[in-house]
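Take a look at this single chain in structure tokens; it is the form predicted on its own.
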């Protein structure tokens, strides 16, 4: 039977239409609490909301509930399949999307970004570029943003040259690999040079699908399907490959960075819309975008090519690309993609937050100032940066406001005199210092009087912007 028509893989409900009752019916109903919830209905609700996953229910994974586990897996399966590339801790997952629009449900599996190398580079050039890919990192509001894979291109079209390059790269990095060669003989040499790495095979085309499919099956590797600008052909190839037995597929409908960009974006949108809205199983696979095609343009200036690549990458990520292959290593090209990816894949229902508690900076003592803020990540890391830049010795109380900023938390009554007083007591701040003076953010000035009454502490209203903290302490803090 064709995989494309198999009822076991067909999902007729979108995530918005699945109710907690649908899930609850398939749970053990033991209310054992092993998931951390009060009962199975609470677990079902959080599972539907994407706040928990099936593995959070241990009993569900026992032999007794095997059939229920299979049924629930089918019910909760995303319209866009997830495909794993690579092995071990560095493996990446592309796809696994439930909805078309982010506001409908959280996007899962952030778009991995691969950087290219090719087999005409010297071994030293390869090692240097691969090392730079692995070392590329940026700390953004407490989160480490990194690149995710290496795409190895066959430029020489020679099997032994390609194999040597793949071997060199595989030995230089644990990152997942994408092997880019349209000749099956070249691809086979590359696969043999990186055994047990489960690289993405790029790519099967109309004239080479069978040879590439045989390689994918023999090496247990995912396979990219390439049909530039022809969705009918792409769909036909997917059907053929599924019937042939290859199920881990990635779709490349072609990326044009010049006059055909509008068509590229339209094709990506059509494919994802058909998968998520009409549950078209032939398009129910991750999408691969190749912004590095910008480098095939005729511009003389490299800066123009880099700008074009960065622009195309951002648009493709916004229009459902589940995996990107890029060329430029410039920070101004890559950082916007990494930050946009982080924001796009952050749960819109849950502001990015940090753990509440008391943070120590420098070498605070009994006479050091005590400041307070909310646990919104951007607020906290901005305050942290300003305190560290000024080399201040102080304590900073972080109050749990559900990830809201100071101004929003005050307006929403999450940052109140009572919550401030409660934090002072909960974290036993009186044991840290021999004074009872607290500095609150300037944006919460209206809470000063109420907080003094609720806490018994003297309240100083600090600056509205944390960059003013050093000067404020010099002028107002007189604890000797």
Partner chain sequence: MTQKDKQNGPGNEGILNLAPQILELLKGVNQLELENFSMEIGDLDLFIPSGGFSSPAPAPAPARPRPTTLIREPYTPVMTEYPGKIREVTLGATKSGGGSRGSTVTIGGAATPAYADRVRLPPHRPVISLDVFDMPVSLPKVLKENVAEVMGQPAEWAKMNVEKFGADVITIHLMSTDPLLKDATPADAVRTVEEILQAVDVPIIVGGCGDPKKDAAVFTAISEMAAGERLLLNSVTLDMAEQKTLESVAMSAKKNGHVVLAFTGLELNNAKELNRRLYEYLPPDQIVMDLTTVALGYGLEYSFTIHERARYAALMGDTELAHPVISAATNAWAAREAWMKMPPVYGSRELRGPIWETINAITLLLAGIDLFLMMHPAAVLTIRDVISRLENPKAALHEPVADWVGVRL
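These numbers come from a predicted model, not from an experiment. Positions refer to the first chain, counted from 1.
We do not show the form predicted in complex with the partner chain, though everything after this point is about it.
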| item | value |
| --- | --- |
| The partner chain contact at residue 173 in the predicted complex, heavy atom, 4.5 Å | no |
| Any non-hydrogen atom of residue 32 within 4.5 angstroms of the partner chain in the predicted complex | no |
| The partner chain contact at residue 54 in the predicted complex, heavy atom, 4.5 Å | yes |
| Partner proximity in the predicted complex: residue 465 to the partner chain, non-hydrogen atom cutoff 4.5 Å | yes |
| The partner chain in the predicted complex: contacting segment from 358 to 366, 164 to 172, 189 to 197, 386 to 394, heavy atom within 4.5 Å | 386 to 394 |
| Among the candidates 47, 439, 420, 40, the residue which, in the predicted complex, approaches the partner chain to within 4.5 Å (heavy atoms) | 47 |
| Heavy atom within 4.5 Å of the partner chain in the predicted complex - qualifying residues of 305 to 328 | 307, 310, 311, 314, 315, 318, 319, 325, 327 |
| Distance trend in the predicted complex - C-alpha atoms of residue 139 and residue 387, change of 3 Å or more | closer |
| Distance trend in the predicted complex - C-alpha atoms of residue 108 and residue 404, change of 3 Å or more | farther |
